[in-house]
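First comes one chain, alone, set out as structure tokens in the form predicted on its own.
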């Protein structure tokens, strides 16, 4: 006999923002699908359930009229399935393939990292969110998108505003206003660059979308560039900080990575499992169905909490710990199925091959100013938001 969806009504929204993992564990232990009233969503938090849902897009659809992402950004490839999704994904993939990342983007990303680090290395101290990770991620993304003349701070503001708007499950009007303003700014930036990329084909995403067959409409370009700014900037920024934090908090593991540079990729994968930059995304049911014995009705929305699934102790031993030598198992930080993150190879290259190794090479004896000053926040999107460090200048 099917079970009804259980409800948790004594968790504050701030609890999720401050540290969602105790809530995730409670929900995961309570049942396969649990409605958390503060978030106004039914959460799926177990690894195997998330994987099963991602393998069944006919039942668990990304086409979701209730999605905040559609409200903030407009109809986009993240909220489409089947051929509609495949066409829009095919329009951006040529800019993001591993070979293109290596040939076209690695050297510009290396130059960006060198420039950002050069601006701080003489100081002996910095706040890494604002002075390192955000400018690197924003400038690299602007290059890949094909933007010219957009300041990294503007990119960062757009990204955060779109992120906040897409996660605005408490329906805060000020968050909604800022998201709308950011969306308008992105559209204006796209308009300024369209003719250039139409007339001068190049590896950028804007050019790729214009050269696609069929070419993408302006509305499709607007929406999917906003998706890239919302998800692509914060994911890279937060991964840089999380990997640095994980290594600084675990000096034995850090020493091994320095001694064996081949471990950088392994350390990156553990970092994004440990604190997943993208923590939740929704799916809508197209029919009544059971999720591990719990009945969910057609038309309902469930939140796939990949941040929780990556801490599922049924799959990962001591999931709260950063341990790059844990038993090798796949994680869900980049999603799964047809919606597997398009920017995965960019993130892997920028974070684990370029930015973080360069940080530790150039900022000698890097260390946290005070571990108590580190701030990590969010649940739909999560990462360090304040990370003061010092080094031997």
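Positions refer to the first chain, counted from 1. Computed from a predicted structure; not experimentally measured.
Form predicted in complex with ligand HEM: not shown, discussed below.
At a distance threshold of 4.5 angstroms between non-hydrogen atoms, residue 330 is out of contact with ligand HEM in the predicted bound form. At the 4.5 Å threshold, heavy atoms of residue 334 reach ligand HEM in the predicted bound form. Taking the partner from the other structure, ligand HEM in the predicted bound form has no heavy atom within 4.5 Å of any heavy atom of residue 40. Although the partner is absent here, residue 268 is a contact residue: one of its heavy atoms lies within 4.5 angstroms of ligand HEM in the predicted bound form.
Heavy atoms within 4.5 Å of ligand HEM in the predicted bound form are found in one stretch of 224-232, 113-121, 244-252, 154-162, which is 224-232.
Only one of 216, 236, 166, 204 comes within 4.5 Å of ligand HEM in the predicted bound form through a heavy atom, and that residue is 236. Of the residues given (141, 182, 296, 209), 141 alone sits with a heavy atom within 4.5 Å of ligand HEM in the predicted bound form. In the predicted bound form, the residues of 272-307 lying within 4.5 Å of ligand HEM by at least one heavy atom are, in order, 272, 277, 278, 281, 283.
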